[in-house]
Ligand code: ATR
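Shown next as structure tokens: one chain only, the form predicted on its own.
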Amino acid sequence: MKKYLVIGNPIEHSLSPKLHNYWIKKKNINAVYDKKLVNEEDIESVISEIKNEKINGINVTLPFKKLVIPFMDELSSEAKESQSVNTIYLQNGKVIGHNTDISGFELGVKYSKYDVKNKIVFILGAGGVVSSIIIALKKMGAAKIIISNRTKNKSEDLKKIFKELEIIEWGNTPNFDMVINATSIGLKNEDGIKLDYNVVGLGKFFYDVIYNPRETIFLKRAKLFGNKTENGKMMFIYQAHQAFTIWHKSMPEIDEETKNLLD
């Protein structure tokens, strides 16, 4: 039986096993997908299990998308550009790090019927998934990307890669059309998101990368102030869909049952 994993910290909120095992069952594949809580010092030994084929594939979630890179033999062009890995597999004896978050985010936003072209986009956070989001936003034609992070030097690291980024202090609220919560704050509480909803105005698009819980306080508040909201469920499904296809050489269906599975 083949074995697949998602690693992260925290990890209990992850619905990756639910989705992947659903597709595995639908496709009658002899495999199982699990989740594993790891610390930074565990990464090397977990990745080595790909090399010796004890594990057949790994998904990576926060906070390890950059930290796994030194243990890869090769990076796909997407992983190289974003310096972020969320999908790992063995190919010709080499451990490959790939990124399905870029297209996952792009397809997720398009699914929500929002057009990013010529829009000002404000990103909260500077973690592992943010470089993927920036690449996708640029592909979709965003006019300007503003970023704010609690630790400013992380934002500055991103600006070294993406020169056109505008950095503002954490807690400031700029003018924007779309705002993305790419922090993990919503998994526990929202006290750390300092966004002045009173000055935002109406009809803005609030997007939360978090998909479990389905509606974070960040999105609930946005709705109260008359804004459009979307969680990261479809991004999550699309990035998983691509990882599954790479691992199993078989494309699963994204139907209503798949979408309802995560509600």
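The numbering used is simple: start at 1 and walk along the sequence shown. Since the model is a prediction, treat every value here as computed from it, not as a measurement. What we label the rigid core is the largest C-alpha set whose atoms superpose within 1.5 Å from one form to the other.
Omitted from view is the form predicted in complex with the named molecule, to which the following refers.
K.L.:
Even though the partner isn't displayed, in the predicted complex is Gly127 close enough to the named molecule, meaning a heavy atom within 4.5 Å?
P.N.:
Gly127: yes, in contact with the named molecule in the predicted complex.
K.L.:
How about Ser131: is it within 4.5 Å of the named molecule in the predicted complex, going by heavy atoms?
P.N.:
Close contact is absent here: in the predicted complex, Ser131 is far from the named molecule, nothing within 4.5 Å, heavy atoms only.
K.L.:
State yes or no: in the predicted complex, is some non-hydrogen atom of Gln91 no more than 4.5 angstroms from a non-hydrogen atom of the named molecule?
P.N.:
No, Gln91 is distant from the partner.
K.L.:
Taking the shortest heavy atom distance, is Phe176 within 4.5 Å of the named molecule in the predicted complex?
P.N.:
Although the named molecule is absent here, Phe176 would stay clear of it in the predicted complex, with no heavy atoms inside 4.5 Å.
K.L.:
Based on heavy atom distances of at most 4.5 Å to the named molecule in the predicted complex, which listed stretch, 83-91, 132-140, 119-127, 105-113, is the contact stretch?
P.N.:
Of the options given, it is 119-127.
K.L.:
Check each of Ile69, Leu62, Val32, Val38 and return the one that places a heavy atom within 4.5 angstroms of the named molecule in the predicted complex.
P.N.:
Result of the distance check: Leu62.
K.L.:
Going through 139-156 from first to last, which residues have a non-hydrogen atom within 4.5 Å of the named molecule in the predicted complex?
P.N.:
Heavy-atom contacts to the named molecule in the predicted complex: Asn149, Arg150, Thr151, Lys154.
K.L.:
Does the distance between the two CA positions of Thr245 reach 2 Å or more between this form and the one not shown, the core being superposed?
P.N.:
No: Thr245 shifts by under 2 Å between this form and the one not shown.
K.L.:
Quick one: once the rigid core is lined up, does Asn9 have its C-alpha move by 2 Å or more between this form and the one not shown?
P.N.:
Yes; that C-alpha moves by at least 2 Å between this form and the one not shown.
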